[in-house]
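Given next, in structure tokens, is a single chain: the form predicted on its own.
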Amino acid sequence: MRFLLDDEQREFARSLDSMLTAADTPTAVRAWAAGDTAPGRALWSRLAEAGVFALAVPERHDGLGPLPVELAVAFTELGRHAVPGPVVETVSAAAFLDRLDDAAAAAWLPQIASGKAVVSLCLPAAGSPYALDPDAADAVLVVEGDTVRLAETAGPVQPSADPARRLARPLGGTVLAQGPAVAAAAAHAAEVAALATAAQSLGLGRALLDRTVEYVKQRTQFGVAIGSFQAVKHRLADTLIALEFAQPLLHSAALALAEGADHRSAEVAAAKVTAGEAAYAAARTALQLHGAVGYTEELDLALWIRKARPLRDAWGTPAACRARVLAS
């Protein structure tokens, strides 16, 4: 099995990194948390132009995919820049609709590929009764058992540990489809969501590590940079090792999903728990080594730190992922 990215995939990652850096993503994150989704939607359009959402949509519906490996590459960069909005939910909704192969797929998939439609997906069977950012989405799909409905209203927004993640229980709506195909499509969508979230976590962890390394080079104590202390070096080395360990697991899971391998569920679960725990550890390291300044809302670091734990628990808690691995 090949774990290394090819030249085209690495160039894709570099181009997304450059675009998101130039787009001043932290400003869009802060606006999204304050309820102003316009900067985030503008960023969304640029991601669509780069082909990010088309990676989850098949060619017959104006997409480029499904391409799980490229999707993992893209979402690692989205996590590195803390992109706001239901990006994971939109690509998993595309995976869900693709498996239904009905009028709903023909109606929504081209819009998802082009970035015109922001879609949130709620799968209570996957561990959460909440939809992410349903108040900002163009459509909210709710799957309960073998039934999927298009929610009528977003429902009251709930507080979240991350202000840029807006959660709500969608209400009402019309039934789009029923039957065994719905449950099977939902299971596939949950795997795509877990993979994309694992990639987001990996990118988030790397961003936190990079920012912390730069900080400990500049902050001095007793006349020397705090990064010269052995205790600080060890903490950063442990963080790096955890993130490096998650990388091959993520690529292996993406390949297993692309090939439809029988063991793909366990591969995705292993990648999700490893990347999620590594990112959460990176957040704790960043907070400790930044000291009191790490708590401040004014420092952009908080935008990454506050996402680490929600991402760790979204689309499969560590306990649930470990149980899936052990059961395989």
Partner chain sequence: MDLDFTAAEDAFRAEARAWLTAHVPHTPLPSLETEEGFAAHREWEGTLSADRWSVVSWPEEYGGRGASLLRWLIFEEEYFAAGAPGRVSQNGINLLAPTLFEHGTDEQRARVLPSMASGEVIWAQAWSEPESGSDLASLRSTAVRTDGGWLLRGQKTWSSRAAFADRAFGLFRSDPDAAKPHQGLTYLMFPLDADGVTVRPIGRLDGKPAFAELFLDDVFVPDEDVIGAPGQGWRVAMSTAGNERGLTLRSPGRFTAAAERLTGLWRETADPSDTALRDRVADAVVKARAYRLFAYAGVSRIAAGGSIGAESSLNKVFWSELDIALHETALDLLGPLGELSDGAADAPAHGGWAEGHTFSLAGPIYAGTNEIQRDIIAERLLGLPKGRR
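Positions refer to the first chain, counted from 1. Note that this is a predicted model, so its numbers are computed, not measured.
The form predicted in complex with its partner chain exists for this protein as well; it is not shown, and the discussion that follows is about that form.
Remark: E259 counts among the residues lining its partner chain in the model of the complex, judged by a heavy atom distance of 4.5 Å or less. Although the partner is absent here, A237 sits close enough that one of its heavy atoms falls within 4.5 Å of its partner chain in the model of the complex. Contact annotation for Q221: none of its heavy atoms lies within 4.5 Å of its partner chain in the model of the complex. Among residues of the shown chain, L249 is one whose heavy atoms approach its partner chain to within 4.5 Å in the model of the complex.
Note that among 163-171, 197-205, 241-249, 142-150, the stretch whose heavy atoms approach its partner chain to within 4.5 Å in the model of the complex is 241-249. Checked against its partner chain in the model of the complex, the candidates A283, A28, A302, V69 yield a single residue with a heavy atom inside 4.5 Å, and that residue is V69.
None of A104, A187, V157, L255 but one reaches within 4.5 angstroms of its partner chain in the model of the complex through a heavy atom, and that residue is L255. Each of L209, K217 and A270 is positioned with at least one heavy atom within 4.5 Å of its partner chain in the model of the complex. Contacts of stretch 216-231 with its partner chain in the model of the complex, defined by any heavy atom lying within 4.5 Å, are made by V216, K217, A225, G227, S228, Q230, listed in sequence order.
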